[in-house]
Each structure stands twice: as structure tokens, then as C-alpha cells.
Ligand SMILES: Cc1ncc(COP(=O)(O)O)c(C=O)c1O
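Below, in C-alpha cells: the form predicted on its own, a single chain.
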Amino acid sequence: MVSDITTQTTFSYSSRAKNAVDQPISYLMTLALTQPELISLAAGFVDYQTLPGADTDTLMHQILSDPAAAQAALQYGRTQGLTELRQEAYKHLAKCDGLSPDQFPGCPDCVALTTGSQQMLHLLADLLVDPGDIVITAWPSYFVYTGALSIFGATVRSVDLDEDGIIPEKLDALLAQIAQEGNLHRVKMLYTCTHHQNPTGITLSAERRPQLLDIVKKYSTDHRILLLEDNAYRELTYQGDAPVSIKSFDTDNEFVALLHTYSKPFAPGLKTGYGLLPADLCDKAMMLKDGRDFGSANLSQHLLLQAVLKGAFEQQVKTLCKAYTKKRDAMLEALDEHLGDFLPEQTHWTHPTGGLYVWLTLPESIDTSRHGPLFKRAVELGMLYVPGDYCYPADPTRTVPKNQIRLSFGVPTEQQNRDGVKLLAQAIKDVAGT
């Protein structure tokens, strides 16, 4: 009988399916949804209250009420994406770095639109990484991507951060060690989030940006190592001037893939990201994308084009930066009020100039992991955070610390940020017995 067969046999999964791991953030999202009374400082979502509903409604009506525009938007698009939006994206990248398009590396033909920047991250890993190959990341790093690298069988090696981002000397030393071990041919990528990094909020300093590129070039002896520059939070800079991209130093468009998104600075529901890639890499990436979806959502791209051309995108960025400044300040003020005198030699946190995250470090004696006493106590008191150990890649040569926390201030109100930090501080003091 069919039912007997299905209970006794399983599918023969591919090696990539077997390597897939459950993303730890999904548990936290489930907890937040099933216990809505919790103040969640965990999820890195954008502010619900500032989502551009009215502008989106107006732009969509304008598109769909024009028969020609509606037909173009509702039809299939190109695999590489809407030409006019790719052109605008390229101009935007140049403008972010204070350059004109004719001064910026690459060209619009090297820009590809994807289903969120996450799809581009996966495409590039699929293109370059075989089982056993090495991807270098920061320590800590964006854990959704480092977790996904396990699907490709990658070995992740990591480089320490300080307040100025990845330490170039540490990167050089790691690559030299890998070369000495005879494994340089296996190094395929350096992945770094250069502005307001997820999870720490740290921005790579201006001085270190060309240094990282020079190091990647130095060790690209028998193949090019890709420097994957994730700029998901670039537009969300609300204090000081953001340094120029590493891509701006890649004058021949050979080594750096620069990824941006419309999710964080406009609306994640449109699920559209884009990347400026070396020309040969872009061609190969589009061959892969052809076999997957023949192009990301065309309607979203037409809407975003109008948002850019009519100023709605720029206005949304200003709205978000204003809102996030207040929320960040509320969180930092609450941390200073409630934890400023708690073992100050061992307790500290980052002060981001943009983005959505604050990185809190506690004494090593306090276990912040999901199964530790602090997480349990925090939930009991009514708040949720991301355990810092989630944010460290599975580097086989390193031991993951368990005394750190990622806090996200984007979704909660200013008062909820204050209240959430107050509850967290109480949980910390309860666990520490002070």
C-alpha cells in the first residue's frame, strides 16, 4: 500500500539539503508572534509606523491607471531587471560616494536586480563556493548569511572586529596562514557589511576600506578572491558622514561586488535588492538566475522606479533616519541609565551612527545564550533579545563567546526601547545576584 511505503521510506536528499541548518532567528520570531506582549528588541525589521503606504498607493495607482504602464509592469521582465531602475541604481551608488556616474567603477550593465539582496548573496555563493572552500567573514557577522553558507559546504574563517571594523592586519595574517597551509586556492570570498554592521552597528573606517581591498588583491594569486561588500544599511546613516564604499576603490570593477537593497531604506515587502558586480561575474550570476526565476518581481521594480524618479524614495530615507535617530537615542540613554554603573570595566555597548543595531557586551560570567539563565529571565520579565552567540560563524578554529547580545531598536517605539532595556537590565542584575 502507498501509505506503508511512505511511512517506511524517505526522500534521498541532496548534499546541499543535508547541509541546510535551521536559522536560529526563526525561533525568536515564533516566540515574538506567539507572545505579542513581549517587548522584542530582537527582530531586525523596519519601523512599521514609517512604511510608505500612502506613497506606494499613489504610485501604484498611477502605474495601473495608465494602460501602457500597467501592461509593462504586469508582464514578465528581464532576468537582470528593469533597465531604467538599474540605471537609477547605478547613479545612486555613485551619488552615495560623492561621485558622478562616469567616475564610478562599472556601469549599469553590471547592475542586477534580485529578490532582495539575500538572493544575490546566495547566487554569488552558488557561483563560487564548492564544498570545502573558504569564506572569510567578520567575527561576529550577519548570521543569516553565514548560516546559509553551510548549505554550500563552505568552511567559514573569521577576522576580529574593533570599533573601526575588520582589522586589516588580522585579515592579512589569516590569509598568510591559509596560504602557508596550502589552502589559498580554496579561499573564494571575503564577506563584510561595511556600514552599520549587522549585528554590531559598527562602520568600517574610511582608512581601512582600501586596505581590505589591497589585501584581497595581494592574495588573489591564482584566482580572484571576491570582496563581497554588503551595504544593506548604507542609506540609514543619521550621524556624521558615511565613508565611501570599498567599491569606489575597485576602479577596474574586478574584485568587489557591492550589494544594496530597497528593503531597509524603502519597503521590505517589495523584496527587491541589487548588486554592482564585476562584468564576468554578473554574466554568470544571470545565467544562474535564469534557471531559477527568469527575473524578480517586475511590478515591484516598476513601482520602485517611480518612487526614485518622483522623490518618494529619497523622502522615505529622510523619514526613516529621523525616526531611527530618536529610537537609537532612547535605547542608548536607557542603557546608560540602567547599566551604566553595572560592572563598567566589563559591560559596554556600541554607539552606532546608523542602521538598526546595538551590540551589548556583558561580563563573561553572564551566559546570554538562548538556553542560559539570562534569556529565560528576560522572557519571564517580558522582553526578548538576540543571543550574541547566534551571530558568530561556525569557524572551526574559534570558540564562540556567550556573553553578548544584539539589540534592535527599529520596530519598538521610543518608550518600548526604554522599557525593554530596563527589563533587560533587571534580568541581568537578577542573574548576577546584584
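Heads up: residue numbers just count along the shown sequence, starting at 1. Note that this is a predicted model, so its numbers are computed, not measured.
Below, we refer to the form predicted together with the named molecule, which is not included among the displayed structures.
J.: Answer with one of G354, G116, G165, P105: the residue that has a non-hydrogen atom within 4.5 Å of the named molecule in the predicted bound form.
T.: In short, G116.
J.: So which of K264, K247, R234, R328 reaches within 4.5 angstroms of the named molecule in the predicted bound form, heavy atom to heavy atom?
T.: Contact with the named molecule in the predicted bound form is made by K264 alone.
J.: Indicate whether V358 is a 4.5 Å heavy atom neighbour of the named molecule in the predicted bound form.
T.: Answer no; every heavy atom of V358 is more than 4.5 Å from the named molecule in the predicted bound form.
J.: So in the predicted bound form, does Y142 come within 4.5 Å of the named molecule, heavy atom to heavy atom?
T.: Y142: yes, in contact with the named molecule in the predicted bound form.
J.: Indicate whether the named molecule has at least one heavy atom within 4.5 Å of a heavy atom of A257 in the predicted bound form.
T.: The answer is no: A257 has no heavy atom within 4.5 Å of the named molecule.
J.: Check whether K271 has any heavy atom within 4.5 Å of a heavy atom of the named molecule in the predicted bound form, and answer yes or no.
T.: Contact with the named molecule, yes.
J.: For the interface check, one of 179-187, 149-157, 224-232, 332-340 should have non-hydrogen atoms within 4.5 Å of the named molecule in the predicted bound form; which one?
T.: Contact criterion met by 224-232 only.
J.: With the distance limit set at 4.5 angstroms and only heavy atoms considered, check whether L121, C193 and N198 all reach the named molecule in the predicted bound form.
T.: Yes: L121, C193 and N198 each sit within 4.5 Å of the named molecule in the predicted bound form.
J.: Heavy atom within 4.5 Å of the named molecule in the predicted bound form: which residues of 202-226 qualify?
T.: Heavy-atom contacts within 4.5 Å come from no residue here.
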